[in-house]
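Given as structure tokens, the chain that follows is alone and in the form predicted on its own.
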Amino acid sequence: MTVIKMTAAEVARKVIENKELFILDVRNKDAFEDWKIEGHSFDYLNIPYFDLLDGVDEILPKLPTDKDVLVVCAKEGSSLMVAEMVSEAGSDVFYLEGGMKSWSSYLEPIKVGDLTGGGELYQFVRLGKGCLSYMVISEGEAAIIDAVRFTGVFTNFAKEKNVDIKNVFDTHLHADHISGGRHIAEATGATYYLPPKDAEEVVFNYTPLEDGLTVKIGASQIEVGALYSPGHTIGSTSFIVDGKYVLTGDILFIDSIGRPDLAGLAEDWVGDLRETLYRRYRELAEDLIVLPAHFMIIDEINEDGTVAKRLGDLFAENHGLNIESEEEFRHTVTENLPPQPNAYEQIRQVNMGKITPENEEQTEMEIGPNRCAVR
């Protein structure tokens, strides 16, 4: 029988299109339980590679014959060896090219909607990490918000769309992933914006992203307007795009809210977080579509692959927006927290420009799920 390579892009399509897939994950149990490839119609079997060195006969009855079987490991090597053993036993089987390392890196661009004057808004979904980046396009120009470090994805997409990248924004100083924002700006000549209250320690030049700033994109003058919204960081800033969308950074998610502790100042920032969520956002139009910088669980992904929801619906459904007691809110966002992101302190240093690790080390820093949220 045959062993077939499956790419991260092909797995992503199965997630988005709600296709069935059986995953044989041969990483150690703790790695699997902490972080795995999620899909609405995926089934799993976790057997560590070292338990399969003597053969796969015992697990063969557990592998389905009516759906694709994908073997997954950290970097590819172990999954390929296990896939070959399964194949030799008489079954067709796939292995994930590049392993979880490639899954963590893959970005899927999805159109969110049309904007004024023929403009478009795209969301770049990093399924393996829960990161969401954006590109606003209007008549030959583009703006990028919260780009991850894979800069070629954005510059190549802009070339495909025949647009010039003119503005690049980070909603805040990220702590869970390495930003590609200033590197895109350097490569394209675009203006790079960063909130100054998050930039006190950065060692590179930037343009201050101030509350009320409005940047117009393209001849149709699509407006990208900044709204100061602290709480996740002291500089966190949201964007109103074309009067239709609110890009909330890591302050508000579809099923959760931002955590205030990743700079070690949870007690100081919890009041800002509540002020943003319970006053600033409630002054906005409820028909705005919320587009966050991350998602936490697979259920936040819509049928078309986007992560987006009407603000008014979040006011009704998101638990973090419905905690009446300030004391209970404080407890929730300071004591009821998930583990902190892998290497978050070093990632902040990278995003300040203070250290420049090699690409392999950057990959290791980012391994793991999104941990920016409180549910």
Partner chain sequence: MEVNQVLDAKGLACPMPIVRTKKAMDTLESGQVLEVQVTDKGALADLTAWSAAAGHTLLEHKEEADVLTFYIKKA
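Numbering follows the first chain given and starts at 1. Source: prediction; values computed, not measured.
This protein has a second form, the form predicted in complex with its partner chain, left out of what is shown; the following refers to that one.
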- Query: Which residue among E58, D54, E326, E33 has a heavy atom within 4.5 angstroms of its partner chain in the predicted complex?
  - Reply: D54
- Quick one: from Q340, N28, Q346, S41, grab the residue that has a heavy atom within 4.5 Å of its partner chain in the predicted complex. N28
- Item | Contact flag, Y49 vs its partner chain in the predicted complex, heavy atom cut 4.5 Å | yes
- Task: Considering only heavy atoms, tell me if S179 and its partner chain come within 4.5 Å of each other in the predicted complex.
- Result: no
- Task: Please check if N167 has a heavy atom lying within 4.5 Å of any heavy atom of its partner chain in the predicted complex.
- Result: no
- Quick one: is G77 in contact with its partner chain in the predicted complex, heavy atoms, 4.5 Å cut-off? yes
- Item | Which of 241 to 249, 179 to 187, 77 to 85, 158 to 166 lines the interface with its partner chain in the predicted complex (heavy atom within 4.5 Å) | 77 to 85
